[in-house]
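A lone chain, given as structure tokens: the form predicted on its own.
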Amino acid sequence: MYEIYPRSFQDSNGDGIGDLNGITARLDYLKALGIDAVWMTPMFPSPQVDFGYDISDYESVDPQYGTMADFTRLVAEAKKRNVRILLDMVMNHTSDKHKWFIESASSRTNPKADWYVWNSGVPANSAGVTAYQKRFEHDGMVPPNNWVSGFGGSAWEWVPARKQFYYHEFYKQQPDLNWRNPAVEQAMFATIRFWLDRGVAGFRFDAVPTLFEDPQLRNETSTGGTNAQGDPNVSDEYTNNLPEVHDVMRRLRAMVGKYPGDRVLIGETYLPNVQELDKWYGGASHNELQLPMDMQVGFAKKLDAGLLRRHIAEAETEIHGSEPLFVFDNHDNPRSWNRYGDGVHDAAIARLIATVLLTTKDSALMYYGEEIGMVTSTPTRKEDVQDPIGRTGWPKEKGRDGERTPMQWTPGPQAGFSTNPHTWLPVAGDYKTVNVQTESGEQASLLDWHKQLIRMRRSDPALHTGTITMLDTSNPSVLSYTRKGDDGKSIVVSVNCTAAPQTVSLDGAGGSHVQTLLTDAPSLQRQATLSGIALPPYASWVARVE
């Protein structure tokens, strides 16, 4: 799967913003890369406070991105190329400009009065009220607890018309829906059916563990210090991953399961461990999401063979036989090139990450530009920041613009993304060498590396559906494993996770000889045995066991 940030992929009409027709124009590229499905971040009508994650209409297309006719054409053209289209569905909150919220905020007695999480607060002079709560006093009332918005400030916003606060996990323009109201579930499920009826292959559910909040509104536990916005750091035990969410997921899976065509449900699931991840599959019942994202593997704080081995092994053995979904890059985090790179071996590390992503037993999720080595291009001045969290948190928090810059297609103007010199975010400075056109002509490019891995993954039974077994499991520096197909044939993978040369022997892989299939170490091209495998710094090696 391939995540596309529509604003940044391809501009077809010269306004400096990517759009649906731009994605359609690049489907041949995606097909050639070997992509099976595209997940698009939200393209619904939105005030764009959070660039689409504040939805004001769930059943249309934002004019910035095109029309419903453009969307229909995209789905049809993708289908011709055996590429499926997945939408990003935001069920936790709406925009404050959504008609549901406008009605809800108008009074305490309207039909949608309890579609959002409302509370009258507590008197400012109540016992236990903190100085932080008092910063948000209105009419003598303060928020009912210490909950903090993930994007800065109190998670409670005052509405004079109701003389009440509403809860918002994210920006104040993103009020949380009240999932304890059955009418909310009915409305959201109807929206999901709307798009399933129009041919989408499934959904990625944004921030889905946050659907429910503690009905008692208990204070989160203080964890000490303050965040980039100056708010106190608190836990999320009462606002994240509450057990009620699994009831919704089971009902959702049952509903979507009635549709033909093997539709898929994906979750944005930042979870503390594999045990919690397993619950999102439905455990042994397999009746919730098919593919909750495993963030343990791809978003560790360092490139460490032991950590990778443990987290991959957990995902392969402790989720009741479900399919893991691994991901190293997305639109909310600095690119893996920068998170794991050391400034010296970055290109080799990028190949290593691709090797792990595309040779383990998983569904693999890539992010646009990952395949060519796009880097994080963080703004250097506050006035250049587009992402609101970067403006409110500057300079400690610089926002997420850096990982959302335009796709780099060519070494020409605006990297081939747009004919408009004023793109919504500036093109990264390295586009003249890091781009699809240039790398398509280089046999040893990072783009070529991804294509080779994806071809192998498609065509070789061991990599396509084979089992996985960890090798050399006490090695702190090198991650090694085998993939074994139903035909008994195996592929062995070994990656050096350090800046020092490492030598391993993997006789436990079976077989006496090997044939190298892919490596970025010329010295390993003729490696013939499983003994004395000399891996240069951050080298990757994939071989067939004979």
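Sequential numbering from 1, following the sequence displayed. The model shown is predicted, which means the values in this text are computed figures rather than measured ones.
There is also a form predicted together with ligand NOJ; it is not shown, and the following applies to it.
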When ligand NOJ is placed as it is in the predicted complex, which of 111-119, 247-255, 132-140, 202-210 ends up with heavy atoms within 4.5 Å of it?
202-210
Out of His450, Arg335, Arg84, Arg404, which one falls within 4.5 Å of ligand NOJ in the predicted complex, going by heavy atoms?
Arg404
Students should find that, of His168, Arg351, Arg400, Arg309, the residue having a non-hydrogen atom no more than 4.5 angstroms from ligand NOJ in the predicted complex is Arg400
Contact check in the predicted complex: Phe151, Gln174 and Glu268 versus ligand NOJ, with a cutoff of 4.5 Å between any heavy atoms. Do all three pass?
yes
Exercise: His331 in contact with ligand NOJ in the predicted complex, heavy atom 4.5 Å:
yes
Indicate whether ligand NOJ has at least one heavy atom within 4.5 Å of a heavy atom of Asp50 in the predicted complex.
yes
In the predicted complex, residues of 448-475 near ligand NOJ [heavy atom within 4.5 Å]
none
